[in-house]
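Next up: the same protein chain in two forms, each one alone, written as structure tokens (structure 1, then structure 2).
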Structure 1
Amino acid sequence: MIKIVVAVKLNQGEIGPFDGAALECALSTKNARVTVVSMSPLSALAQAEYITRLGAEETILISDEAFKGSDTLVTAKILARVVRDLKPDIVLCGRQSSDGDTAQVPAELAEMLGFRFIPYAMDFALDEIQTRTGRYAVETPCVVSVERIKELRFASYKSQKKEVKIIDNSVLGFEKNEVGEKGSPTRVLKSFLSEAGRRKCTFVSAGDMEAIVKNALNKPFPVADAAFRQKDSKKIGRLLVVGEGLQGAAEDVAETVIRFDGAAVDEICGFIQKSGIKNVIFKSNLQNRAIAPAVAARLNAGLCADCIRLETDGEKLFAYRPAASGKIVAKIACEGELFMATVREAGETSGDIVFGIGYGANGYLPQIKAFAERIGAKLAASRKAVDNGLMPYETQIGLTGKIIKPKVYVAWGISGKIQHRTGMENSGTVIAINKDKNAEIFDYADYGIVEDIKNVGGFQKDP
């Protein structure tokens, strides 16, 4: 019988959708012994008890006041200590938690356990796994991070709750300064509401749209990515960029930019140690977001995930990233020897003009697509449009998607939540179409059209 451990975060009594998918993958595997491990506050006990009713053999809650405030590196360390003793064949994790959104713990955990890491699983089987980046044979022991591919079952009303095993630090024996905030190399220095991307909106009628688009395409592209740029001339000495990209962001904060092209964790760690460079950044993409945490775990370093901006005071580097599900932006430093970050680069799917498909465009997709084709627009989407099957995940922009920087962005039926704006706020001209005149998107658009999509271009709703 195969032993599967599922690591889930119980955030305010809830299991995030990715962790739910990982748990469902485990529970629906035949001939598997499933243990659920969660590092969560004691207040999550009721949720852990609910999990015992779903069919797992054992549920373990790792909880101690001393663990409060642990960053991803320390969380992975604590989980690794428990998981190692369970001697699993496979560890399943959700790709990311719904609050932290760093997606770093699975890779760090794999590295600490010395297990093979298979990220971004799109299906789960015991022999082969299709992931976002390819098909991989399952060689155990391994850690697999799972996309939102399944819905977690509900407990049957007949199911009985079992006892949750609680493990605290008296069992694990970490020193006080090894765990919690004290032991965590990444530090949130401050956080604030993100006002980036706010614009003055001119309301126009639907008939004006094509003319506005044409006009905007002819305007020189405004340097709208100020949010990504260092504002003064202070710089650190050497900065290592692993892999491609980020030249501009690196030059803004460092005198000397050194580039290393190796992609294997061994090579990268070797280069960092040999060169003695103390600041290391990776472009935030699928591959690097799996590699960088493994490097950080090996070097015991803090890693800031998926940052939107770097800054320096001339001595240290700081990273900014959306936090609390994107509601705020946090400024983060790394204590200790090394600063590491994965940093977003704008513009990956940019074209001259991008149509953003929101959930409000539901029913009008063929017409919008035909319109896009006619004027040469590329398509992007909000998460809700993706979640509801209107558009493929690859087109998602925002906090959990890509950042784009087209000359013109037209938001079709998009409410304008901060998580979406993070992906499009650097566009040249933003045009929003929404039937709700109070929609947030209008505060972040240059032109607003308060109209039902059906009245824009005379669209007919799909029957």
Structure 2
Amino acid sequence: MIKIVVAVKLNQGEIGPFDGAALECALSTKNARVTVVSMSPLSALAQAEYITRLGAEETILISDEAFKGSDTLVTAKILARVVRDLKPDIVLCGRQSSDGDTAQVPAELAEMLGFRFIPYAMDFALDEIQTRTGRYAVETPCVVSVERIKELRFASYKSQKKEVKIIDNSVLGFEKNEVGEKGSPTRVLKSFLSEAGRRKCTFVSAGDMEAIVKNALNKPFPVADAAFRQKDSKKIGRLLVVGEGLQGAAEDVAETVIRFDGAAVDEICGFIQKSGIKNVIFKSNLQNRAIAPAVAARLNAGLCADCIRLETDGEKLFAYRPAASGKIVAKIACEGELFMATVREAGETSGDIVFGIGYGANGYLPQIKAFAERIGAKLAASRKAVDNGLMPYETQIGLTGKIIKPKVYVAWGISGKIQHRTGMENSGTVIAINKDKNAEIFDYADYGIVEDIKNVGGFQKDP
């Protein structure tokens, strides 16, 4: 019988959609002994007890006041100490929690356990895993991060609650300065509500769209990311950029920019240690979101995830990143000898016109694609459209996708949640099409068309 440990976070007593998918993958696996491990406050005990009714053999709640405020690195250390003793064949984790959105703990946990790491699972089986980047044979032991590929089952009304095993620091034996805020190398210095991208929307008729697009293409393109550039001349000495991109962001804050093209964790760690460099950034993409946390775990360093801005006082680097699903922006520092960050590069997709496909465009995709081809528009997508198979992942924009800044962005059937807006707010002119006049996307669009999609292009819905 194979042993599967599922690591979940119970945020305000709720299990997030990614962690729920990971747990459902484990529970759906035949001949598997499933143990659920959650590092959460004691207030999450009721939800942990509910999880015991779903079919896991054991549920463990790791909880201690000393652990409060732990960042991803420390969280991974605490989880690793518990998981190691369970001797699992496979550890399943949701790709990211619903509040932090860093996607760092699975990779850090794998590195600390010495397990192979397989990220972005789209289909899970004991012999083979399909991921966003390819298909991989399962070699145990391994840690697998899971996308939102399943819905967690509900407990049967006949199921009986089991006892939750509670583990605190008296069992784990961490020193007080190793865990919690004291042990965490990343520090949130301040946070503020994000109002980026808000615009004044003019509502127009469906027949006006092509004329608006044509006029918008002739407008000067605004420097949309100017607010995120450092405005003074203070710079640190050296900054390492791993891989391609980020040259402009790096030169804004450093006198000397060094580029290293190695992609393996061993190579990157060796170069950092040999060079003695103290500041390292990675372009925030699928590959680096798996590699950078492993490097951070190996070097015991803090890592700021998905940063939208770098800043320096001439001595230290600081990073700004969205948090709480993009609702706030936090300024973060890394204590200790090494600063690391994955940084978003504004405008990852070029092009004059981009059509954003939302789930509301379901049934009209071939017609919208033909329309896009006729006027020379590239295609992008919301996360919900990707999760439901309408569009491939590489087209996803937003908090868990990429950032774009075309001259014209047309949102087809997109509600406009903050996760999506983060990826398109730098666009020149935004046109939103949604039959719901109260859709949030209109607060972030220059022009709004309140219509069913079929009335915008004269489309007939697919049978």
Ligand SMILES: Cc1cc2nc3c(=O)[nH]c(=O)nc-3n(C[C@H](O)[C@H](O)[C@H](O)COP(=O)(O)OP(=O)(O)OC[C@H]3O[C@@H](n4cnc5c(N)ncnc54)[C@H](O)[C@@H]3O)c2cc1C
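Numbering runs along the sequence of structure 1, starting at 1. In this text, rigid core is short for the largest set of C-alphas that superpose within 1.5 Å between two forms. Bear in mind the structure is a predicted one, so any value in this text is a computation, not a measurement.
- Each of the two structures shows the same chain on its own, and it is structure 1 that derives from the form predicted together with this ligand.
- After superposing the rigid core, the C-alpha of D436 moves by 2 Å or more between structure 1 and structure 2.
- Once both forms are fitted on their core, the CA shift for I308 between structure 1 and structure 2 remains under 2 Å.
- Relative to the superposed core, R132 undergoes a C-alpha shift smaller than 2 Å between structure 1 and structure 2.
- Taking the core as reference, the C-alpha deviation of F371 between structure 1 and structure 2 is 4.2 Å.
- Lined up on the core, A445 has its CA atom moved by 3.8 Å between structure 1 and structure 2.
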